[in-house]
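Here's a solo chain for you in structure tokens, the form predicted alone.
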């Protein structure tokens, strides 16, 4: 599927579509995750939500979150700017929205910073859902050593050759090495930015970002013109974790952005992997400690990564079965509501688990992807 094949594709004829203008306006107003606004959009749609924001017809919490930029409406200009760069705004209305990748946010507490993106600004012609269908995130220190860059290139290149999309944050060091390795073998890669896609950050990677857009996608939840900031990098990390099957850390200090990405991966149920390094290297203290304390599985090559994060059929031995301790929240309640044998329907599972129907519908696909449940014409049933 190409972006152009979608009936609702962005372009000159769609730039001023009222619904898309509303999405663009709301994206500019909140600049990042806003679970309260996401819920409002789900309930009333983007156009009514935009009206409520403009007229300050909101709850106190949402009013405080939007009041500073409610008067800023550059939606048409933003859409035209990105379209001129060969990009588009991707929203939950679109076929290419990576919906199943973002389902994990439904199990979080939905505090201010724990929600899904409201929309995604994208440079590149390939559909986002297609790019992230089979993907691995590779992250690490900006001050990568020769060892770190070498290992990153080996793992990212081998994964890309095998058809995996490499996701990272376009920073210097490990991120850049991962993107370049994927591009070097003709593979696909996605860069997730902490600023508008109209800004090359870091500036030294302007050419690299152009290459990524040609062979994958440059993605941001921030509207054009948004500048980089520390809190945006932390929010960006949750998208790096969510848009892949697992996160690999190559060289990282104990307190680092990579560690923040790992935290998000664990919250979202993604496997975390780390490459060990010399005990004398400060750049590897985070990786070595995560492995020692059981926060990450040791990996040394692309094969190890696929065993941990790849399709269940590609894993060997005991790795096929995941510990049920990995389940929590609504996912655990729904799983435990299933009988040892036989199927159950969504509404029945809702009654047995005490989980709302819409949340049951959200967690069942996640459980299915992890191999815990299966579905046929009779309903949902346990697979282990």
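Numbering follows the first chain given and starts at 1. Just so it is clear, the model here is predicted, and its values are computed rather than measured.
Heads up, the form predicted in complex with a further copy of the same chain isn't pictured, but that's what we're talking about next.
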Would a further copy of the same chain be touched by all three of 276, 291 and 308 in the predicted bound form, meaning a heavy atom each within 4.5 Å?
yes
With the partner left out here, check for me: in the predicted bound form, does some heavy atom of residue 97 sit within 4.5 Å of a further copy of the same chain?
no
Classify residue 206 as contacting or not contacting a further copy of the same chain in the predicted bound form by the rule of any non-hydrogen atom within 4.5 angstroms, answering yes or no.
no
So in the predicted bound form, is a further copy of the same chain close enough to residue 229 to count as touching (4.5 Å, heavy atoms)?
no
Would you check, heavy atoms only and a 4.5 Å threshold, whether residue 298 touches a further copy of the same chain in the predicted bound form?
yes
In the predicted bound form, the residue from 151, 75, 268, 243 with a non-hydrogen atom within 4.5 Å of a further copy of the same chain is 151
In the predicted bound form, the one of 201, 233, 172, 147 near a further copy of the same chain [non-hydrogen atom within 4.5 angstroms]:
147
Since the chain is shown here on its own, which stretch among 86 to 94, 180 to 188, 300 to 308, 211 to 219 would lie within 4.5 Å of a further copy of the same chain in the predicted bound form, judged by heavy atoms?
300 to 308
